[in-house]
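Coming up is one lone chain in structure tokens, specifically the form predicted on its own.
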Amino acid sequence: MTDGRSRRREDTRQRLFEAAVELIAEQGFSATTVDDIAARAGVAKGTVYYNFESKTVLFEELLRHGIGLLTAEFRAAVAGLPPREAVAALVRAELEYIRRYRAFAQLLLSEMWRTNREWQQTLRLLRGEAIEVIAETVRAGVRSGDLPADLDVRTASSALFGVGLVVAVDWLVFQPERPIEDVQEALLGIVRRVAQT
């Protein structure tokens, strides 16, 4: 019985996350109310507060959940691959993630610019975790000679993360008919040219 109740609670939290992401991406955090989130998720307002202490806590947990999924996908994508292939796998994983969680990607992109939010420290830490997976791959590329020895690993890793995020959002908003393989190859082409300089 507890297992079934636990599963139902997780399902409810997932619906709340999805509703909150969609609404906040559509109308912003300030304009999104708990009533809106409950209605979109198909639950009572009390259910939101039962699962999350406040809208701010819900949003912070939403960031943890979304970036946690991305970080896990990065780790799975690079597992056991040599650096050159791992970079390509990271690019593909980011594009696929953003295609699957488009509203979250738009939300993440906009929130990274807002430095006055209560959850900015959480966002910074979570972003750092995702970028560290990229940095591990870049460091391995530098050690193997696939990437230049003088490459600034931190900046290169942040650039790869940020470029992937912006390119993916641009692709999905302005060129959604373009195949993911084309977008991946174009992005990898940029990465390769930078690595050769």
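In case it trips you up, residue 1 is the first one in the sequence shown, and so on. Here the structure is a predicted model, which means the values were calculated and not measured.
This protein has a second form, the form predicted together with the DNA, left out of what is shown; the following refers to that one.
*Asks:* Decide whether residue 178 counts as a contact residue for the DNA in the predicted complex under a heavy atom distance cut-off of 4.5 Å.
*Replies:* No, residue 178 is distant from the partner.
*Asks:* In the predicted complex, is there a heavy atom of the DNA that lies within 4.5 Å of any heavy atom of residue 169, even though the partner is absent here?
*Replies:* Residue-level check for residue 169: no, no contact with the DNA.
*Asks:* Considering non-hydrogen atoms and a 4.5 Å limit, does the DNA approach residue 149 in the predicted complex?
*Replies:* Answer no; every heavy atom of residue 149 is more than 4.5 Å from the DNA in the predicted complex.
*Asks:* Using 4.5 Å between non-hydrogen atoms, is residue 51 touching the DNA in the predicted complex?
*Replies:* Close contact exists here: in the predicted complex, residue 51 approaches the DNA to within 4.5 Å, heavy atoms only.
*Asks:* Residues in which of 136-144, 31-39, 65-73, 153-161 have heavy atoms within 4.5 Å of the DNA in the predicted complex?
*Replies:* In the other structure, the partner sits against 31-39.
*Asks:* At a 4.5 angstroms cut-off on non-hydrogen atoms, which residues of 43-61 are near the DNA in the predicted complex? List them in order.
*Replies:* Those in contact are 43, 44, 45, 46, 47, 49, 50, 51, 54, 55.
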